[in-house]
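Single chain ahead, by itself, as structure tokens, in the form predicted alone.
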């Protein structure tokens, strides 16, 4: 599925050149969940961003090859990269709120991916159901705005009633009546094909009330819901590979388990390849089949999960395993290892 050969990525800083990746080699098979672990700053995320060319302007790939399904995409054009991002490789970021656009609804953001990668399917659905393609004729603001308007109206009606001036509350009562009349008149107006596909995408990631969530803004959702929206966006283009960059870091333990289980379920259903980037070896043990350990921009060890946990070969891998808290003991510090060589 994805093969990375001797990849070297540098960052050009005021203090000189920083070698973020120094000869990374990885191979991820079809339908495999592959873990990439290491401490903060070891180069895990840079590896993923190098594959999709999402690096900052100060970074550059100076050597190596990136091969996707037999195609060398190291020097792919921007048009080709747009097809790959979302269409062939989806990505989940560790902080969904900063990754989602705060001024666009969930419907608009998921819909953007669908229009870019599934336009033919949208038009086909519209033709079959004889409904609008992209935009429904319904008018309604986000649930948050609707709730705020309703709450303000009810508050003023209650206030004026309490002070014996009910007539001053009539305009607010009129607004509420208009809102209910609007919903009644629009109940038979069909959703657009794009709206239906967005709702389906949100349903796939087991979001409750996907229709309401589709019309919400990111800040109106919990962290777990935001991450599920990110997963829905990553899957909307029917990508065959998913890069999950520490997808549970910003979530509490219960939600972490739900998100990881969701990724495993989707991977099994779609037979997707998954590159799971994490610093949590517990996540790797429960989720991955194979794992690579990164240290100072290099892969120092690569093996099956069982081998890594039962018979680690590299000193850094042993140090990582020893740093896992056991039996109430304090978390141990990962010791500094000498120059990390490749496997």
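Because the structure is predicted, anything quoted here is derived from the model rather than measured. Numbering follows the first chain given and starts at 1.
Just so it is clear, the following notes concern the form predicted in complex with a small molecule, a form of the same protein that is not shown.
J.: From the list 46, 300, 66, 28, which entry has a heavy atom within 4.5 Å of the small molecule in the model of the complex?
T.: For this set of options, the contacting one is 46.
J.: Just one of 315, 60, 286, 39 has a heavy atom within 4.5 angstroms of the small molecule in the model of the complex, so which one?
T.: Flagged contact: 39.
J.: Whether residue 20 contacts the small molecule in the model of the complex should be assessed with a 4.5 Å heavy atom distance threshold; does it?
T.: Looking in the model of the complex, residue contacts with the small molecule include residue 20, since a heavy atom lies within 4.5 Å.
J.: Test of understanding: in the model of the complex, would residue 53 fall inside 4.5 Å of the small molecule by heavy atoms?
T.: No, residue 53 sits far enough from the small molecule in the model of the complex that none of its heavy atoms falls within 4.5 Å.
J.: I'd like to know whether residue 246 contacts the small molecule in the model of the complex, with contact meaning heavy atoms within 4.5 angstroms.
T.: Residue 246 belongs to the contact set for the small molecule.
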